[in-house]
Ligand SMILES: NC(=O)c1ccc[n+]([C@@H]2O[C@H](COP(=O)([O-])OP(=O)(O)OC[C@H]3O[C@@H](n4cnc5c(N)ncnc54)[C@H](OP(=O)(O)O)[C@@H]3O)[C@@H](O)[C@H]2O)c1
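To begin, one chain is listed below as structure tokens, in the form predicted alone.
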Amino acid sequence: MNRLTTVITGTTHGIGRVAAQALAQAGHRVIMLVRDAHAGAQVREAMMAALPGAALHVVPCDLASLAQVRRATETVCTEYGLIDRLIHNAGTVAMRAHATVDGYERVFATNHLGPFLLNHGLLPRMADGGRIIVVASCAHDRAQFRTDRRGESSEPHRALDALAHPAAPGWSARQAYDRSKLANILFTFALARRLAARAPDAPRISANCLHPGIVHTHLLPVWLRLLKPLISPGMIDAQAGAQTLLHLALHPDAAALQGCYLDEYQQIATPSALARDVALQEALWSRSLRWTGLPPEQVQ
């Protein structure tokens, strides 16, 4: 049996867990990259009980650690052959600014820098017809760039330099998350442009990002949980929140959506003006290469 191989991050909870099980049920070999290996093993055991014969594997990968991302990349490349789907689903929120072992702001490192490095490491292993899927959020609409104490907006391209640093002036939990989700879309659009410009004989790979809806999961920020009684009618569960991700991974025509941002109804949506800023996309790309220790341009 020829199985498609899917690598997906963040599968111990929420839409990632739902998607991993649905993909395994669809016949994919699923490699689950997880921060907590013990929790990942428990999830795998539960899925195997529900889906006897499924091909499910767990690889430890804390996206906040560039060294762990490199180790996980090496494991996947060495042990699992070509990749048909790469799904960047994992994400985090934080109420306080924390530095990673590499010295970067943890939310930005987990939600953008780790996936950026992972993507570059696994891209050479992507099969022809492969799909890269990034779980972003409509929260990117709120992202702003403010760098001085008076709260005045600065040039966004210059303000990018503050995103990765936990001691940046004006840090807030909400803005850290919103900016990381903006980074997801900026990254996806820059990646899609590079994939479209590859040589004709290179593997054809698509890249898309999505808003899953306002999903009630453990990652819901505390400030939003406090408002849950007021907004519950508009919230959806993880099963519903996984539908656009699964559409992009499984629908035979989804590759034609190359470079698009989709909403929770599997419809093409228009992201914010900042997200569509090509110069900002390129500025983030070049800085991300530097922050992750990659050469100036590494897309194959």
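What you see is a predicted model, and the numbers here were worked out from it, not measured in a lab. Note that residue numbering begins at 1 and tracks the sequence as displayed.
Same protein, other form: the form predicted together with this ligand, not shown, and the subject of what follows.
Within this chain, residue 214 lines the site of this ligand in the model of the complex, having a heavy atom no more than 4.5 Å away.
This ligand in the model of the complex is not approached by residue 119, whose heavy atoms all lie more than 4.5 angstroms from it. Contact annotation for residue 85: none of its heavy atoms lies within 4.5 Å of this ligand in the model of the complex.
Contact annotation for residue 288: none of its heavy atoms lies within 4.5 Å of this ligand in the model of the complex. Among the residues 206, 137, 73, 175, the one placing a heavy atom within 4.5 Å of this ligand in the model of the complex is 137. Checking 21, 12, 281, 292 against this ligand in the model of the complex, a heavy atom within 4.5 Å turns up for just one residue: 12.
Within 4.5 Å of this ligand in the model of the complex, a heavy atom is found for none of 102, 113 and 166. The chain is drawn here without this ligand; in the model of the complex, the stretch among 54 to 62, 270 to 278, 251 to 259, 24 to 32 whose residues come within 4.5 Å of it by any heavy atom is 54 to 62. Applying a 4.5 Å heavy atom cutoff to this ligand in the model of the complex picks out 89, 90, 91, 92, 110 from 86 to 113, in order along the sequence.
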